[in-house]
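In the block that follows, a single chain appears as structure tokens, in the form predicted on its own.
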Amino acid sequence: MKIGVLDIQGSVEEHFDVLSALGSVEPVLVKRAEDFEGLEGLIIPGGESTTVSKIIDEFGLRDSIVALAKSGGKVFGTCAGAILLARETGDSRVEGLGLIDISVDRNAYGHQTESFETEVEMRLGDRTVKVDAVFIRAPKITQIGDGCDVLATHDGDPVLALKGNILVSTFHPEMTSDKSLYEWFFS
């Protein structure tokens, strides 16, 4: 399975390394529209969502991301990636891709110095997995639309949601050694 990692900003190398370790995945760095050729999925890493949104448009990637998702490609957004995939980004400077029916509140967990790590319980298919979750200037999912499945929460707030082939996480799974989320989603 050929999975792209959007190589604009954020923890690109960490996602690439996790995908490489899976064995069943061929990771590819994606910077241009032609890099989408043959992809079966894409990870949109965290970063600064206003910057990533602008670069997606400057590089002409918006249509390619939407086309991949609409053709059934698996798209996974972490932190800022979750903001970008949302229907409502909570910030007029960030145009969401509208690929998952959620609303988010950017940086809702606070500033960089208020970042934290905690354990969350994820429901992955027919099993439940407890993992460490790293929250760095993380957004909160404030509304979940019809057809969205909440797979994990923290203090009652959704932190991992799925709708069809679109997965969003407000935490950074690439920052821990646990690969179960990637193994499940990209299987």
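From 1 onward, residues are counted along the sequence shown. The structure displayed is predicted, hence computed values, not measured ones.
Keep in mind that the form predicted together with a small molecule is not shown, yet the notes after this line are about it.
Quiz item: Judged by heavy atoms and a 4.5 Å cut-off, are 120, 154 and 159 together in contact with the small molecule in the predicted complex?
Solution: Answer is no for this spot.
Exercise. Tell me, please, which stretch of 140 to 148, 46 to 54, 62 to 70, 120 to 128 lies within 4.5 angstroms of the small molecule in the predicted complex when heavy atoms are compared?
Key: Stretch with heavy atoms near the partner: 46 to 54.
Quiz item: Quick one: does residue 74 come within 4.5 Å of the small molecule in the predicted complex, counting heavy atoms only?
Solution: Looking in the predicted complex, residue contacts with the small molecule do not include residue 74, since no heavy atom lies within 4.5 Å.
Exercise. Find out whether any non-hydrogen atom of residue 79 is located within 4.5 angstroms of the small molecule in the predicted complex, and reply yes or no.
Key: Heavy-atom contact with the small molecule at 4.5 Å: present for residue 79.
Practice problem: Consider residue 136 of the chain shown here, and say whether it contacts the small molecule in the predicted complex, taking contact as heavy atoms within 4.5 Å. | Solution: Taking the distances in the predicted complex, the answer for residue 136 is yes, it comes within 4.5 Å of the small molecule.
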